[in-house]
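Only one chain is given next, in structure tokens, and it is the form predicted on its own.
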Amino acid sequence: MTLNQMISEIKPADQEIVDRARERTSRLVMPRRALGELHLIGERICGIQRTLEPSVKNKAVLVMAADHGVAANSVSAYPQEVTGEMVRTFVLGGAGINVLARQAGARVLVVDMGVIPEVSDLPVEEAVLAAQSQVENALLIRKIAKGTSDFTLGPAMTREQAEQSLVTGYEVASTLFEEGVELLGAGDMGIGNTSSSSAIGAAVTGHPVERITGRGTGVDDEGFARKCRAIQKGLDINRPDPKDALDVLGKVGGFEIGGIAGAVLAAARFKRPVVIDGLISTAGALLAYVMCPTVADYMFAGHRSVEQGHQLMLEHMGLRPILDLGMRLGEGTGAALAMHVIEAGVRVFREVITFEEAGVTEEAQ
């Protein structure tokens, strides 16, 4: 399926269903909208899934992983080898996302979109098996290349590779939806990817590099200045077109960021909610938004990262974060935590009875 075909099949959430859901909420046995944002979440899920009996019990988190050529500019506090090492940790079940996904009752599927080392010595499950089996943490090898090129010297990837990363993310997520996943979280792993994400954010939103760039893995003042210089150089050399998501992705992005963008498009196509995470996940969502603004109907912002550019990208898409816990780990951790709140909103909508059903007198008119 081509990108144009994917996008052409995306329709807005059903506002009529949202209105009907809101009418039911107004009759729940409590003061009107007493649970605040939980009501809005439940109603949005109704509109997304086109039903007044929404469900988000079947959950999964996609962790897209890839290496970045820009890491050669010492933009991270960690060496590039950490990407492959963390992929192994995800599959072994010992990382932050594994803990929080287990708590949320979500499976974790790690996708090697372009990690430099070979990680195929670990068990590999096809996405369909990951959706059906009892394997908690599965690994898919969908390597486009062994890392991107250094975008301070030229484009990070070819336009063909950019499209391949989007299509790959779309296909992986589509398989999960076809096998019954009702709520998807989008996570990431890749040393150097906050630089790529900040470059994407600056290119699309127009905010200055110094305003949209954060400290990522925790670089010091000198490292932060070096990171900003690298991002600005990449933008100056490559001149990405903010109206062309593939151009932005190809020039300053990453394979895993493209994969996340594709997964967001798939969620909208399959009428499923997707929870985006922090800066990197949101950069992928931002690219999907450039291609098709309607995808915002299907996105929930899991949390507000301490990365300063994250909020700017969320505002560009009109999204409000569910949580604000001072987090900056990535991996999909904020998305996994927000799944609890999203499920709570759905359960409140479905399980709290109305005044009529309870036989309780409503407020005086």
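Quick note: we count residues from 1 along the sequence shown, nothing fancier. In this text the structure is predicted, and so the values were computed from the model without any measurement.
The same protein has a further form, the form predicted together with a further copy of the same chain, not shown here; the description that follows concerns it.
**Student:** Out of 95-103, 255-263, 225-233, 281-289, where are the residues with a heavy atom within 4.5 Å of a further copy of the same chain in the predicted bound form?
**Tutor:** In short, 95-103.
**Student:** Using a 4.5 Å heavy atom cut-off, which residue among 167, 140, 86, 144 comes into contact with a further copy of the same chain in the predicted bound form?
**Tutor:** If I apply the 4.5 Å criterion carefully, the residue I get is 86.
**Student:** Since the partner isn't included here, can you check whether a further copy of the same chain sits close to all of 31, 326 and 353 in the predicted bound form (heavy atom within 4.5 Å for each)?
**Tutor:** Every listed residue reaches a further copy of the same chain in the predicted bound form, so yes.
**Student:** Can you tell me if residue 237 lies within 4.5 angstroms of a further copy of the same chain in the predicted bound form, counting non-hydrogen atoms only?
**Tutor:** No.
**Student:** Verify the contact flag for residue 208: yes if a non-hydrogen atom of it lies within 4.5 Å of a non-hydrogen atom of a further copy of the same chain in the predicted bound form, no if not.
**Tutor:** Looking in the predicted bound form, residue contacts with a further copy of the same chain do not include residue 208, since no heavy atom lies within 4.5 Å.
**Student:** Looking in the predicted bound form, any heavy atom of residue 341 within 4.5 Å of a further copy of the same chain?
**Tutor:** Residue-level check for residue 341: yes, a contact with a further copy of the same chain.
**Student:** According to a 4.5 angstroms non-hydrogen atom cut-off, is residue 2 in contact with a further copy of the same chain in the predicted bound form?
**Tutor:** Output for residue 2 is no: heavy atoms all beyond 4.5 Å of a further copy of the same chain.
**Student:** Determine the residues of 61-82 with a heavy atom within 4.5 Å of a further copy of the same chain in the predicted bound form and present them in sequence order; the list may be empty.
**Tutor:** Contacts from 61-82: 77, 78, 79, 81, 82.
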